[in-house]
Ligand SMILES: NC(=O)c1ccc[n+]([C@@H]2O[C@H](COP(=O)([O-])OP(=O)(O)OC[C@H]3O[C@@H](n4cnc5c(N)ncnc54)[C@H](O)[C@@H]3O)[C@@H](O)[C@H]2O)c1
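Quick setup: one chain, the form predicted on its own, written in structure tokens, and binding and motion questions come after.
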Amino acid sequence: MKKKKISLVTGGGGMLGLQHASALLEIGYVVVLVDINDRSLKKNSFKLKKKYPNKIFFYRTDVSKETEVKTLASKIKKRFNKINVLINNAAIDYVPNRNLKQKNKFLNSFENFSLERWNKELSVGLSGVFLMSKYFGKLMKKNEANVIINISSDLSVIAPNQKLYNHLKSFKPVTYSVIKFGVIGLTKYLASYWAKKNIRVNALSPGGVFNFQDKTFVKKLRNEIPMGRMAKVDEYKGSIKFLCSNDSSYMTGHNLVVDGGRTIL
């Protein structure tokens, strides 16, 4: 009897969380979706259940709270007794929006960035990766192939071009860069730490995904990308499948940048 392969995706209520889950389902995994937003979590789960009725489970969890992550790990252990793939996808992102700008004031300026916001965003995007990896790494069986994929960004290797946001009277927040660079550091650390426990740890760094953002922003960003466009929402599914498969069996500690060539310039 073929063993079930169990995967878990944080930020499962989001746009990319849905795509990551779909990719895993297409290659035979049972998928557990996790998100703090109960409504979007259920919405994505029900979408996927239409095609994969017996392979979707979901739990509302705040990945920034250790007690909740620990409780989730206990539930997963009781239900499945293991996890094979963990995708750390949860994050608080800033979406460029013309409607958010304020008169005579730039949003997200470093000089006015509050410590409270700094702590909140790092607690989800970086501490959440630490906590999920800590508790779910323990559920990975040494005699099975195990994978952790940390979702980073093309901004894990370059700084944001703040000119993209000038017309919106805004900046890309400092937390985004710090979190994404930090995720790469944690990826390399865990890859080395768990190399002999049959746990491969890699990062996927997507470029911008088109989601009907502000038109001027999209035009500016396209000009920075050699392929001349933003990514389509489903264009990272192949990367997820590759990183979870035996085709990447000798890859660990790597940051796979898929950005239309933006970071090569």
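Start at 1 with the first residue shown and count on from there. Keep in mind the model is a prediction, meaning the values are calculated, not measured.
Below: the form predicted in complex with this ligand, not depicted.
Sole residue of Val218, Leu48, Ile36, Val30 within 4.5 Å of this ligand in the predicted bound form, by heavy atom: In short, Ile36.
This ligand contact in the predicted bound form: Asp62, any heavy atom under 4.5 Å: Yes.
Proximity of Thr187 to this ligand in the predicted bound form, heavy atoms at 4.5 Å: Thr187: no, not in contact with this ligand in the predicted bound form.
This ligand contact in the predicted bound form: Leu16, any heavy atom under 4.5 Å: Leu16: yes, in contact with this ligand in the predicted bound form.
Ser40, heavy atom within 4.5 angstroms of this ligand in the predicted bound form: Contact check for Ser40: yes, within 4.5 Å of this ligand in the predicted bound form.
Among 190-198, 76-84, 145-153, 159-167, the region lying within 4.5 Å of this ligand in the predicted bound form by heavy atom distance: Contact-bearing stretch, as computed: 145-153.
In the predicted bound form: members of 183-213 within 4.5 Å of this ligand, any heavy atom: Stretch hits, in order: Pro206, Gly207, Gly208, Val209.
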